[in-house]
Structure formats: structure tokens, C-alpha cells
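The chain below stands alone and is given in C-alpha cells; this is the form predicted alone.
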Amino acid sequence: MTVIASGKGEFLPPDPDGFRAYVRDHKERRLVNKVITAQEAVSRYVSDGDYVAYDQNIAVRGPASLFREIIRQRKRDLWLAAKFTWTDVSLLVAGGCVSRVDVGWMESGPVINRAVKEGRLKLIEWSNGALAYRLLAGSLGVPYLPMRYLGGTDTFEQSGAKLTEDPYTGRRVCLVPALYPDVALVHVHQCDVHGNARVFGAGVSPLEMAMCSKKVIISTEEIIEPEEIRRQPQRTTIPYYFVDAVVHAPFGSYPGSTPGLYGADLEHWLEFAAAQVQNKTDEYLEKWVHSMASHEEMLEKRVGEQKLAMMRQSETVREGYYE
């Protein structure tokens, strides 16, 4: 296959056989109880220097409680897959946790701009579709997948993609390398103790991400009985054998929303936005993360039941949502 052009962006060389060997040696195939605390999950499964992917963002069904725990434990030098992200990247960068980001789409603001200017953060450009394709390639166990776009764009130049000659047609086609993250974080509506997880509504690539990641942490709004999973197995989004840890985290997307359960806390986002502009993110993190021992304590002491009730009312549970 003839390579016509290559992007200059950094990427982790795909290793399908190495990933397969890791899964064979480390994944639990028995139906065991995987429920642990967020503290235990992050301590056990997230290491400095890991490549971390997550489904959705802090606005809608993002694993926000796990983000805060990563900051609380002061994890360092993480590489993020940032597709369809919002203020989650700024939050993790402000916490000193991130050194590199594969960018599909994300917000730009004072925290990120300062980090890039000071050389603390490196951005590698991709597109949302390219990152989704990379996760799909990983889930299929192949080293790359072809795409019908990206080639010839400025994004291609900054990515790690390659423009090649299609051996079947002779036309140009773009190839993107597979992703095999060290850790995947997914927030879901329901999950049983074994890790069978249900997502209701829109998602980006939760199953593909779980399939191609070495370690998978599920945070869930509700833990349901395994009998419920067996009764309607077709509703399982992520099967248990991909999952390493289950964290019970009601309002786990706070300050974002979880569709069908609760809306977002817009006042909180304005507080974080103001902290960025005023260069007071350390004060924000001390208030919302470091001074709180857990997600549950934060909800109790910083949010309060009245605000949580308002969030529930703002996203009226649709009749039959779980039916």
C-alpha cells in the first residue's frame, strides 16, 4: 500500500495482539460483584500516564464524579480522547491531570489557552468522526480503518492519520490508527453488580469504547438486580465481561444532566466559567473537589437536596422511559 502523505500528530501505535493478550490475562469472566467506591476504582484502575477515554461529556451523561475523583487523587500526565467534550477538559487540565489531548471537539478557554502557551498541554487534532472510527477499529481488533474524509484538510496535517492509495480502486483514502485506551470511563443509567450496563437515549460509542479499553469503570445512577438484566437482555448496552469496576453514583453527571432523570445546574457552570476568567480555578477546585472526601459529600454539603430536587423537576422523567 502506497502512503501518499502523513499527518505530523503524535499517536500511540496500535497493538491489537498486545491488547488481546492483556484481555486474555486480566479480564474477569465470572459473574462476580464489581461494586466498589469511586476512590477505590480510580486508585486501582487509573495510573499516571494512562490514556483515558470517556463517553459523552460533562454536559450530558458524562462521568463527572469520576473526573473529580481523578483530580482529588492528583493523577498526572494523562492523555485524553476528547470527542464531543465541553468543560471536562478544562476541569482536568485545571486539576493538573492532563498533558496531552486528542481533540475531536472541545471548548477553548483561559485554562486550556494558558496550559498550551506554557507548554504544559499538547493538543493533537482529529475530528469527532476520526476518534469514533479509531475506537471502532480498536473494538474490531484491527490496526486501522479507512475514512472517506479528513485527507486534504488542516486537521489531517495536525493528526496522526495517513493518506494512502486504495489497493482496490487506486483512489486516495485516509487511514486512522486504532485506539486501545488504558482506561474507559462511562456513566450509565442502570447497571447490575456484575457490570451489565444500560444507557438510555443518545450516546457516542460506549460499547465500542468498552470493547477496546484495557480497563473499564462504570459509574451508574442506579444499581439494579441481575434478574432485571436477564429479563430483558436486549437492553444491555455494555456486557459485564468488558467491565472492571462498578461505582454507584446518583447524580454522577453533576453539574451536567442525565437524560430522563435530571437536568443540569447552569449556575454551577457559570461559577466555573468565572473561575477560569478570574484565574481562580484553584479556589474552585478546593471548594468542589479537594475539600470534599467524596462525590456524596459534595452533593450533601455543596449542592443540597433542594437544588437536586429542582434538577429532577427540570428533567421530568418521561412516562415509559425505562419501559
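Heads up: residue numbers just count along the shown sequence, starting at 1. Just so it is clear, the model here is predicted, and its values are computed rather than measured.
Note that the form predicted together with a further copy of the same chain isn't included here; everything after this is about it.
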I need the one stretch from 217-225, 245-253, 137-145, 90-98 whose residues put non-hydrogen atoms within 4.5 angstroms of a further copy of the same chain in the predicted bound form. 137-145
Give a yes/no on whether residue 77 approaches a further copy of the same chain to within 4.5 Å in the predicted bound form, heavy atoms considered. no
Residue 111: touches a further copy of the same chain in the predicted bound form, heavy atom cutoff 4.5 angstroms: no
Within 4.5 Å, heavy atoms only: does residue 17 come near a further copy of the same chain in the predicted bound form? yes
With a 4.5 Å heavy atom cut-off, would you call residue 176 a contact of a further copy of the same chain in the predicted bound form? yes
Can you name the residues of 209-239 that have a heavy atom within 4.5 Å of a further copy of the same chain in the predicted bound form? 230, 231, 232, 233, 234
